[in-house]
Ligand SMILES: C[S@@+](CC[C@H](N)C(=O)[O-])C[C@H]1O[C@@H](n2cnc3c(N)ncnc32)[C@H](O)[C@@H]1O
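Here you get one chain, nothing else, as structure tokens; it is the form predicted alone.
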């Protein structure tokens, strides 16, 4: 009963801000929210920003919902007014969003798809960049984090060969306004070193 109250639907895509019950010009999108820690923290810290959080895996969606509402409150508990969930492939939504509609994009610790033959499945991909550039406003930030060496190398190669985004070198310490995730904590416990990128859509 909670998910239908939070669901961002296909019909909302043409005018995404109308899916939120308060006026705001600011729209953010997170691709692959995992357990939802980052999305919930961003929604709480930035009530002025409308956030669409995308996830296709049921375990992640259930984790997000369980942390949002107490047991028994699925139909009545208060929900964040600035958070909506998209439970299909994020690329489907991105193709439907209007031009220059996003102020910020998040990609936190995506599946690395480490085998070479799987490279086409990675979200950071040369063929994907024009779509992302279309939906991001000039000057909008795209945040990417990864702890996987193969993915880190891939991001450097892809973003170093494109002209749509400013792509400075990543930092090795999570910036203070980037909420932590359980996945990041696990990576650090296991001795992996995350990198954090902020790409900016060129005007």
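Positions refer to the first chain, counted from 1. Please read all numbers here as calculations on a predicted model, not as lab measurements.
Below, we refer to the form predicted together with the named molecule, which is not included among the displayed structures.
The stretch from 190-198, 7-15, 176-184, 20-28 that comes within 4.5 Å of the named molecule in the model of the complex, counting heavy atoms only, is 176-184. Remark: residue 103 does not count among the residues lining the named molecule in the model of the complex, judged by a heavy atom distance of 4.5 Å or less. Within this chain, residue 171 is remote from the site of the named molecule in the model of the complex, having no heavy atom within 4.5 Å.
Not displayed here, the named molecule is approached by residue 54 to within 4.5 Å at the level of heavy atoms in the model of the complex. Contact between residue 90 and the named molecule in the model of the complex is found at the 4.5 Å heavy atom cutoff.
Of the residues 97, 85, 108, 124, just one reaches the named molecule in the model of the complex with a heavy atom at 4.5 Å or closer; this is 108. Interface residues of 150-169, taken as those with a heavy atom within 4.5 Å of the named molecule in the model of the complex (partner not displayed), are absent.
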